[in-house]
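Take a look at this single chain in structure tokens; it is the form predicted on its own.
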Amino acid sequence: MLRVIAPVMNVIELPFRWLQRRLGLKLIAWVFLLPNILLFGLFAFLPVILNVFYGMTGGTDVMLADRPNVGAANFERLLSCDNYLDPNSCRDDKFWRAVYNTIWFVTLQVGFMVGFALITALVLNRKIRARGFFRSVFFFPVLLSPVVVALIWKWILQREGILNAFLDWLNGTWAIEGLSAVIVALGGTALSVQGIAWITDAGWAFFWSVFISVWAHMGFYTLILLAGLQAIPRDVYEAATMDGASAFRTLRRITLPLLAPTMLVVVILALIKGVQTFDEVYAFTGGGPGTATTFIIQYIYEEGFAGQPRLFGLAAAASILLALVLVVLTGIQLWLNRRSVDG
């Protein structure tokens, strides 16, 4: 095999040898990087630049040359509000409802996901039976397509789904009566033999959207935190044990401080992923009922591609505002981390 490949590789090597002699060792590296730079510029930088231009145009035409320049009109429409805490007072109330839903969703999703991922990583880092099996179990949902995840849970939670069937089977028992009392106390709807509209009730739909997102993505962040835990030197724990430190004190004084850089990475990734949530929730609820689970990415999609008329400029302006917010949040978190490290 090598006898066949070697002559071919020698022929391919000839022009690169010539280029290296002509350009030198420093410039020849750019020859190898050039294809990636061109692809990255074509599919990453160029769309960003075009998006900025689209954000300053109006009309419904697709071609940029056919669209009139409206300046900052799209941004003014999105940001015009008498009271930013009341979406009904905003010129584009749907945008602000999507913003509030996204903020509330990200707060709950990132908080619960990072917390559960940390607890899971701490448990899986210990010497327990079938540790490899449990690691794979927690990571398995990450391998599923977001649409598949949404359809599985939609099948479980629909009015004639598995969960309502199970609750109907439990109906009348002490367990279901106790659960109904807790739900009513929290302001929810009591469980009944007719089942609950998990998907068509606004409160339940939002709750399950958060739950499904945490369930589907927690394994990825658990894996990152687990790698961070395993990177902590063992001798640090041995020294703490010799000094008689308790498990809680070891966690608070050693594990969490040394895991802080990894935690920062996890929080930033989870935050960016949470803000960009679209496919799972869209396949699960379609943004409903009403606008209860409509998030900012769905707003951009509907304004630019699914709605009539297709307002490409408004969608582009919304995406630019979203990008700016993500850049600011990431910068703040990196600054806080650098400040804590520098003391």
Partner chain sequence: MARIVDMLTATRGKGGRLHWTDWVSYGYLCFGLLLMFGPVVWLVLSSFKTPNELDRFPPRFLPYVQETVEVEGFDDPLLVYTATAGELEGQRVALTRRAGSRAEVVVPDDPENRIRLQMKELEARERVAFTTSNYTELFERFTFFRYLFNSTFITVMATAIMLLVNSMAAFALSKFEFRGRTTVLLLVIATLMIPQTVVLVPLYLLVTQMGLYNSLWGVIIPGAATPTGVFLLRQYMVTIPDEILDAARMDKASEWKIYWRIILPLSAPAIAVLAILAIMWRWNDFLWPLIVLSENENFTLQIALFSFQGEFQTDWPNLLAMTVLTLLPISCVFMFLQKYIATGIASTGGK
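Positions refer to the first chain, counted from 1. Keep in mind that what you see is a predicted model, and the values were worked out from it rather than measured. In this text, rigid core is short for the largest set of C-alphas that superpose within 1.5 Å between two forms.
Keep in mind that the form predicted in complex with its partner chain is missing from the display, and what follows is about it.
*Asks:* Hey, with its partner chain in the predicted complex, do Leu23, Val114 and Leu259 all fall inside the 4.5 Å heavy atom range?
*Replies:* Checked in the predicted complex: no contact with its partner chain for any of the three.
*Asks:* Should Gln158 be counted as a contact of its partner chain in the predicted complex, where contact means heavy atoms within 4.5 Å?
*Replies:* Although its partner chain is absent here, Gln158 would touch it in the predicted complex, with heavy atoms inside 4.5 Å.
*Asks:* Would Ile128 sit within 4.5 Å of its partner chain in the predicted complex, counting heavy atoms only?
*Replies:* Ile128 belongs to the contact set for its partner chain.
*Asks:* Report whether the minimum heavy atom distance between Gln308 and its partner chain in the predicted complex is within 4.5 Å.
*Replies:* It does not: once its partner chain is placed as it appears in the predicted complex, Gln308 has no heavy atom within 4.5 Å of it.
*Asks:* Within a 4.5 Å heavy atom cut-off, is Val123 in contact with its partner chain in the predicted complex?
*Replies:* Yes, Val123 is a contact residue.
*Asks:* Given the stretches 215-223, 102-110, 70-78, 88-96, which is the single one in contact with its partner chain in the predicted complex, using a heavy atom cutoff of 4.5 Å?
*Replies:* Contact criterion met by 215-223 only.
*Asks:* Looking at its partner chain in the predicted complex, which residues in 254-275 have at least one heavy atom within 4.5 Å of it?
*Replies:* Counting only heavy atoms within 4.5 Å of its partner chain in the predicted complex, the contacting residues of 254-275 are Leu269, Lys273.
*Asks:* For Val62, is the C-alpha shift between this form and the one not shown 2 Å or more after core superposition?
*Replies:* No, the C-alpha moves less than 2 Å.
*Asks:* Once both forms sit on the same rigid core, is the C-alpha displacement of Leu34 at or above 2 Å between this form and the one not shown?
*Replies:* Yes; Leu34 is a residue whose C-alpha shifts (by 2 Å or more) between this form and the one not shown when the cores are overlaid.
*Asks:* After a rigid core superposition, would you say the CA of Ala165 moves by 2 angstroms or more between this form and the one not shown, or not?
*Replies:* Comparing the forms between this form and the one not shown, which are aligned on their rigid core, Ala165 does shift its C-alpha by 2 Å or more.
*Asks:* Say whether the C-alpha atoms of Arg252 and Thr330 sit closer together or farther apart in the predicted complex than in the form shown here, given that their separation changes by 3 Å or more.
*Replies:* Compared with the shown chain, Arg252-Thr330 is farther in the predicted complex.
*Asks:* What direction does the Ile332-Ile224 Cα distance move in the predicted complex compared with the shown chain, closer or farther, given a change of 3 Å or more?
*Replies:* Ile332 and Ile224 sit closer together in the predicted complex.
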